[in-house]
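In the form predicted alone, a lone chain appears below as structure tokens.
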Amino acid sequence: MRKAFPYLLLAPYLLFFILFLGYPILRGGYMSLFDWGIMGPKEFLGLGNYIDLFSDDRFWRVLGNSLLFTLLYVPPVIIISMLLAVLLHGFLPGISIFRSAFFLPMVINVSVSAIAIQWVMDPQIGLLNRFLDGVGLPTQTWLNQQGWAMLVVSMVVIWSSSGFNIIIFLAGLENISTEIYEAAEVDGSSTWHTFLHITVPLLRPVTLLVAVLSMISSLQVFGEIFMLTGGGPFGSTTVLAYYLYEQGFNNFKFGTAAAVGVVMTGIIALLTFIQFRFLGERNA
């Protein structure tokens, strides 16, 4: 009975994992081998869906958009979250108000925040264009112009997800002994020098965790793109998750959509392995 007790404790998690993660992953891999329409499987294709996918120029453009979004999102969100966490870790008057303000986007629904951003970015009545017009700068069609659209979406996702990363960095800062900072202060270390040579190195394991989680979420981004740009303009913000949605729920090519999902899983696993392989060694 004693040997079985740990497995009994793990049973609820394993049950939900098998039902909601394990089975869908295996089912997706199975569907990707078929010409699967809205009425079910039509024909076994083997690797046909993957061959069609990799020979499709649009898939490579979509993959490029996903990698561009990852580049625009991951490094800034890590830097911004770390800096804000260091500021919020201090004991300043009214710091709880600032903490609540940065955590607030976490509890706002994606649809609500997207509608608010659309109002701000509206080319005719948006506050941002009114401000630019007021200071004599040219106004922009932020969400309908190639180049701007992906940048705006990445900034919105950074704003909405920074609160979660700040919590992780704050937990990491709590584990750094205050004696180290006191010793640095006695030695005459400046604030910037302390941050660069003490805080950043000691937060390296936490930074690795945030980098992996941010990279995974960047390759799975969907809600903001669906609500703000719908994959446009001219497909410039169509990323892998939105492409999967198009194939499955607009074109009803569930086999192709499943193949896109399998490819996404492979890319995420590969990039996660690379991050742990190289950044993890530095933390050892």
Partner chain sequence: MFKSLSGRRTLRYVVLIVLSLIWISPLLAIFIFSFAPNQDILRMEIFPTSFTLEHYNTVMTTTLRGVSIPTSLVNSTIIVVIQVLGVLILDIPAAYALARTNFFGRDIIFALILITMMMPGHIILMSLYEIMANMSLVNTLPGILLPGLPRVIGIFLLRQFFREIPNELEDAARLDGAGDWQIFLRIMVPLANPAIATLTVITVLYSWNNFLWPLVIINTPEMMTAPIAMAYLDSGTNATQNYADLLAAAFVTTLPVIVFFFAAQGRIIQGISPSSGIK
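Numbering follows the first chain given and starts at 1. Heads up, when I say rigid core I mean the largest set of C-alphas that superpose within 1.5 Å between the two forms. Note that the structure is a prediction, hence the values are computed from the model and not measured.
Keep in mind that the form predicted in complex with the partner chain is not shown, yet the notes after this line are about it.
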Stretch from 176-184, 67-75, 102-110, 146-154 whose residues place a heavy atom within 4.5 Å of the partner chain in the predicted complex: 102-110
4.5 Å heavy atom contact, G90 to the partner chain in the predicted complex: yes
Would Y245 show up as a contact with the partner chain in the predicted complex if we use heavy atoms at 4.5 Å? yes
The partner chain contact at T199 in the predicted complex, heavy atom, 4.5 Å: no
Does any heavy atom of G48 come within 4.5 Å of a heavy atom of the partner chain in the predicted complex? no
Of the residues spanning 112-133, the ones with some heavy atom within 4.5 Å of the partner chain in the predicted complex are V112, I115, A116, Q118, W119, D122, Q124, I125, G126, L127, R130
Kindly check if the Cα atom of R58 is displaced 2 angstroms or more between the shown form and the other one relative to the superposed rigid core. no
Align both forms on the core first, then report whether L47 has a C-alpha shift of 2 Å or more between the shown form and the other one. no
